[in-house]
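Same chain, two forms, each on its own as structure tokens: structure 1, then structure 2.
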Structure 1
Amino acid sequence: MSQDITEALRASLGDSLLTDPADCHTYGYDNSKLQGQPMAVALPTTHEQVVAVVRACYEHDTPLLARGQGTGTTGATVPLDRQSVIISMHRMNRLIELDRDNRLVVVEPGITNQQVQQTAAGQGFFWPPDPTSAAVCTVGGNLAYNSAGPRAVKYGTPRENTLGLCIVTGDGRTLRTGVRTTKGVVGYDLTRLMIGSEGTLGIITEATLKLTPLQPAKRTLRAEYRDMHSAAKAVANIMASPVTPCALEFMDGNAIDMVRDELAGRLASDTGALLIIEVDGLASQIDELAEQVSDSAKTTGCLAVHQASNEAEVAALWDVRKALSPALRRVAPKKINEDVVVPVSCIPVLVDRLSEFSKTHGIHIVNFGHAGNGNLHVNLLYNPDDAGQQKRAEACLEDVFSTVLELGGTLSGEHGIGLVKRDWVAKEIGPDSLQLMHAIKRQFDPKGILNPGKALPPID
């Protein structure tokens, strides 16, 4: 069987098919640190080649997983079957069209987020999603996970900023979803259904993205607080005010300790939590907007609010924030990293509970993330080689997830589900909804070849 599928793939891809195990091995991982071994790796450059790959896998009942640059953290691109084929989209990286008058850009999935931003900026626009890995992550991956980043608090996620898609379904059909207009209500919204589906419904070969004009002025503030609870209360106060920041990031005391050297001399000695706040608007408005947000941030427990005075200070502050996740990976390579979301008003409760769980289970917890959306990255640091620590970490995670759901939240805001969180999904989604989702998958992917075993838990 493997020889038959290899020959079928070779017929449409030629040398753009990898079959040597050593070459294929490097495509079997993602940033979850999980690793699988695919049978072959397809490297298409055209939509037609993607169709040919899908049809070959469909005819030979072969699992097929799409991937970009592997920056995801949930194992969504890791093959579970050694007879799987990986289809890597990184060679499909063209910017097809930039339509300034209609504020849209058409791209292939392998283009990086940063490349889109740089091209759009040249015309006075930006695409709001901006994950920390923007320099290397692909637009296809952003859409697969609905990855957003800090600007989502004001400008939304990929679902709000994608007009249409071209996709290949699991049986090789080509679908064009969505519109090129900012309004449209014909038929079901297949575009939003595809975004966040982690390659389980179809493979994206083209995306029409909605652009937003760049604001001419921006101001960045650093607000310091005595403790996590005080900062969490400030977030709720800021988000209830008339001025919506374009970024509102949160770092707890443990996170600050990870990067304290980089912040040396710039923080009050008793700072236990930090907010990075950014506002944008017209130059004539920016002083007033910054002042209003600053006033909203000065709640009980606030130690100081500083405005960055130049671009170097702004860049340094964001560099510190972006350095957190890699720093944690170095300290605890096998850490549990969850991107839970709760209603903004519930952040103080969640923060208090996390502190309790850390003490109860004896697990070091580091929190940071997109506080303006209630999206906190909860990092449980433990040694997986210590059976006792691992058991306590798993019990702690159970309490974290139970609390998030109790508060009306969700288990993932932008990292997705993949493999590592799949078995928790049934705690949030009821059995009737899960059955319907599986039925939808069968319509798009009749044989279940697209990224099998990911995103949705099995049903009885």
Structure 2
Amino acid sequence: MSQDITEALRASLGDSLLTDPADCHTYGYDNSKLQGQPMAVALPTTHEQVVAVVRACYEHDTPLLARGQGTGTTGATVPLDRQSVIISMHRMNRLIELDRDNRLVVVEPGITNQQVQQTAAGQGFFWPPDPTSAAVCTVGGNLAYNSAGPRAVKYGTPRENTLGLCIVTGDGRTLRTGVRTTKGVVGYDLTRLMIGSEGTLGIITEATLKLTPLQPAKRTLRAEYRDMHSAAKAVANIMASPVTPCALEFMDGNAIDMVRDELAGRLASDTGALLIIEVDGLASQIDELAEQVSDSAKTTGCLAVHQASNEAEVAALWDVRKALSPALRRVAPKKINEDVVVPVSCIPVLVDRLSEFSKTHGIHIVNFGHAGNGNLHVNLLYNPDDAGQQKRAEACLEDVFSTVLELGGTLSGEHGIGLVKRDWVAKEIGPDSLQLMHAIKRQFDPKGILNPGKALPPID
């Protein structure tokens, strides 16, 4: 069988098909550290080749997984079956059209987020989604996970910033979804259904992205708080005020402790939580906007608000946040990094509970993330090679997820589900909804060949 499918793929792809196990190996992992071995890797450069690949896989009942640059953290692009074909979209990386007057850009999915930003900036625009991995991650991947980043607090996620898609379904049909305009209500919204579906419904071959004008000025502030309770009050206060920040990031006390040395006394010693806040606007107005947001940030328990007045000071304010990831990796290279979301007002409750769980399970937990969206990156620092620690971390994670759901939150804000959170989905989504989602998938992908076993838990 693997001979047949390989020949079918070769016929449309020629040299753009990898079958040597060593070549294939490098396409079988993502940033979850999970690894699988695909049978073949397709490297299409055209929509027609994608159609041919899907049809060949459909014909031969072969699992097909689309991937970009492998920056995902959930194993969504890791093959579970050694008969799988990976379709790597990184060669379909053209920017097809930038239409200033209609504020849109048409791209292929393999283009990096950064390339889009650079080209758009040349015309005075940006595309709001800005994951930390923007320099290397692809737009296709951003759409697959609905990946956002700090700017989502003001400008939204891919679902709010994508006008239309061209996709290939699991049986090789080509569909154009959505519109080229910012309004449209003809037929059902298949564009948003595709976004966040992790390659389980179709393979995106083109995307029409909505652009937003760049603001001429930005100001960065760091607000320090006694504890997360006072920081969360400030977040709610800021979000209820007319000046919506374009970033509203937080770090809890444990996160601050990780980098306290590197901050060389720049933080007050009793700082138990901090916010990094950015506002954007017209250059002539940015002082007042920063002043307003600074006022909103000064709730009870606020120890200090620092404002950067030049580029070097901006860099210094972000240093705290940027020093964190390397520090975490030094302590625990195989840490679990979750990206749960809770209503903003529940952030302090969650952080308190996480502190309890940390004690109960003996796992060090460090939290930071996108406060304005209630999106917490919960980092469990442990050594998975220690069986005891591994078991305690799993039990701890179970408590974390249960608490998130109890607080009316959701298991993932921007990383997606993939493999690693898949078995948790049924705790958030009821059995009827889950069955309906599977039924919808079957309409797109009748044989279930597209990224099987990901995103949704299997049902009976």
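Take the two forms, superpose them, and find the largest set of C-alpha atoms that agree within 1.5 Å; that set is the rigid core. What you see is a predicted model; the values in this text were computed from it and never measured. Residue numbering: sequential along structure 1, first residue numbered 1.
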| property | result |
| --- | --- |
| Label of the structure corresponding to the form predicted alone | 1 |
| Core superposition between the two structures, C-alpha change of I96 at least 2 Å | no |
| Core fit, then L80 C-alpha moves 2 Å or more between the two structures | no |
| Rigid-core frame, C-alpha of I363, shift of 2 angstroms or more between the two structures | no |
| Angstrom displacement of the CA atom of M228 between the two structures, core fixed | 3.1 |
| Distance the CA of P326 travels between the two structures [rigid core superposed, Å] | 4.8 |
